[in-house]
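The chain that follows stands alone, in the form predicted alone, written as structure tokens.
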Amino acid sequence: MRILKKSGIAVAVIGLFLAFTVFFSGCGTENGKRIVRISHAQSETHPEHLGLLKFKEYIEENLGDKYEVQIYPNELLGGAQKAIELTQTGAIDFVVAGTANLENFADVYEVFSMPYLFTSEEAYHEVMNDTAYMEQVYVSTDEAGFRVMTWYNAGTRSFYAKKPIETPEDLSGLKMRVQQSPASVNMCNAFGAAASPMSFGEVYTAIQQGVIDGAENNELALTNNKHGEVAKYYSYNKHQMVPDMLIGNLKFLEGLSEEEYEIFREAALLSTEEEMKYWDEQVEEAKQIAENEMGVTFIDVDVQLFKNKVSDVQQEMLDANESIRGLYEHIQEVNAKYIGNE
């Protein structure tokens, strides 16, 4: 039996969470198979969903007599933070969530909210694909009752809004949705905007109703989540490259045999390969659809102007959170290989 570090935190689940737990605990098997439930926030055409289909295929090809994988897209089981808590309790088994959602459970993940952390996508991919190194990071949430299994490319994040953003000054006074993390809030405020953290599933209606002026994300948000219907200007200030993570309930992982654990681990890595295969292709397609069918204007900006506005944020984050320093320094070593190639 593979022994993982035992969880030291019992998470209290109330209200809706409790209802989910009761429901799921009552139907953990079907036709003699253990049902493995995965929650994520994206649509069925999104690269992450396609990656999870590969995960499902691999598990069921190798362990289909014991496990059936069920995938719940579009936040059907709740927003990321709720789904993480359901995964902690074992009400569901896996969830895809951004690193911003993991900051409350392990301080090291705050580093990914740091603006302009990576010098290039090549440096970003090299860091994240270094499985041996990243697995040292992934165990940091064991005490919270879950473990990261792999990462998914979530592209480069930029601002989009109802009005053009060409310089940092254009952000002044705008209410912009950010991920639900203190570091993301601080970054957005440093740009001069008013940060409005909220669940991803609430963004469309919030922009439509004027609760916020815009948001920040990759291009797929415009089309897969239809944000291009309500926000017509996308500005390439490229402030973050933030991965999404596939996390699994630690108790479930502990209950797997060594052979089963390795199959789940291999399935996770294969799902990343599948997701990345579709990413660039779908970004280009999203840009075409957003521009030609939704009327979105893409704006190339002077990125250095935006970097200047948050030039002190990296050091402030390092001073405030010693837990990120090791990973930050590792990333800088990788960045150094690509300086001049941006």
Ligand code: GCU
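Quick note: we count residues from 1 along the sequence shown, nothing fancier. Keep in mind it's a predicted model, so treat the numbers as computed, not measured.
Omitted from view is the form predicted together with the ligand, to which the following refers.
- Candidate site formed by Gln42, Arg157 and Gln179: every one of these residues places a non-hydrogen atom within 4.5 angstroms of the ligand in the model of the complex.
- Interface residue among Gly214, Pro115, Gly228, Gly98 relative to the ligand in the model of the complex, by the heavy atom within 4.5 Å criterion: Gly98.
- The partner is absent here; in the model of the complex, the one residue of Glu110, Asp244, Asp93, Glu85 having a heavy atom within 4.5 Å of the ligand is Asp244.
- Though the partner is left out of this view, Phe200 does reach within 4.5 Å of the ligand in the model of the complex, counting heavy atoms only.
- In the model of the complex, no heavy atom of Ser196 sits within 4.5 Å of the ligand.
- Contact check for Asn218: a non-hydrogen atom falls within 4.5 Å of the ligand in the model of the complex.
- Remark: of stretches 171 to 179, 249 to 257, 123 to 131, 228 to 236, the one touching the ligand in the model of the complex is 171 to 179 (heavy atom within 4.5 Å).
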